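Shown here is one chain on its own, the form predicted alone, set out as structure tokens.
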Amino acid sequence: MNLTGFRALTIREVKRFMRIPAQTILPPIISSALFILIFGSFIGGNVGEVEGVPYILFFVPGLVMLNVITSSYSNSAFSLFIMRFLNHISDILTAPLSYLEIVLAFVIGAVIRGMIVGILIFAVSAFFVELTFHNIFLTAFFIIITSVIFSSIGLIVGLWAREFEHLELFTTFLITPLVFLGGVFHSVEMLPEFLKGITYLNPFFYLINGLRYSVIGTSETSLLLSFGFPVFLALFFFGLTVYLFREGYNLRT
């Protein structure tokens, strides 16, 4: 393993988003603070408790997951697309790095951004509600595994995209609807029966449920699925990304 080159590419990915925190870090923090203020403090008082905890504490993990997903996806998708657009990717491909090392460096950069965003949103929410973590290690696990999944998906979309607009298509028509329908602001028990079945088919639901369990200690579905399914998705999409890099998919065109 080329540790020097791998470390350099990883540091580059981290510095890339750290240089512009006003675009990469602050927006999800500000929007989350507004969600917490309006939905948690104002509306949450009328909702009362959900799953035995105050409504604001119930939806904070979902809000964290929403922003971890979008941050990790955007980080890798835009980074790779810009490198392709400016033809800088050729410098990476000619470096003495394996495809596994290249993909892993991109993913680690996105994971770090996802963790920073997640931690800061939890920190902001502590001003509005008393946070109690059922298992802090599981919280870190779900943030990391989710970041791996969506940074890998971001790389796949970054390879596929031909225009900047293509990067937003995935966010607008897939990520955002599925995350919101996956239980960011509501419990499954609040839904009519036919929507409950649809929710259980939504892969985002298991990510949100897993993070919520790590915070409040209650789960709305099988914990085995909430743990096993994200691990499977992470391995699948990471492996698929490495394969596409190895095949040179849209890297040399």
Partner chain sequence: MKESAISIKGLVKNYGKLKAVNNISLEIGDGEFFGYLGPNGAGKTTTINAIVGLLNYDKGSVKVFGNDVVKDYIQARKLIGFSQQELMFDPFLSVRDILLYQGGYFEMKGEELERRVEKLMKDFGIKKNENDTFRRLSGGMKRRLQIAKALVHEPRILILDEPSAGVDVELRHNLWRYLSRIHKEGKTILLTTHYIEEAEKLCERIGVINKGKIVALDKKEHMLKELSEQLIKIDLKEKINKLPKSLGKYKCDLNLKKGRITIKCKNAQSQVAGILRDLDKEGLEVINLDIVKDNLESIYIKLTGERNELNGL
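As the structure is a prediction and not an experimental result, all values here were calculated from the model. Residue numbers count along the first chain shown, from 1.
Just so it is clear, the following notes concern the form predicted together with its partner chain, a form of the same protein that is not shown.
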Pick from 129 to 137, 169 to 177, 67 to 75, 94 to 102: which stretch has a heavy atom within 4.5 Å of its partner chain in the predicted complex? 94 to 102
Tell me, yes or no, whether residue 11 is in contact with its partner chain in the predicted complex, where a contact means a heavy atom of each within 4.5 Å. yes
So, in the predicted complex, is residue 162 in contact with its partner chain at a 4.5 angstroms heavy atom limit? no
Does any heavy atom of residue 86 come within 4.5 Å of a heavy atom of its partner chain in the predicted complex? yes
Taking its partner chain in the predicted complex, would 54, 219 and 221 all count as contacting it (heavy atom within 4.5 Å)? no
Quick one: name the residues from 1 to 17 with any non-hydrogen atom within 4.5 angstroms of its partner chain in the predicted complex. 2, 4, 5, 8, 9, 11, 12, 15, 16
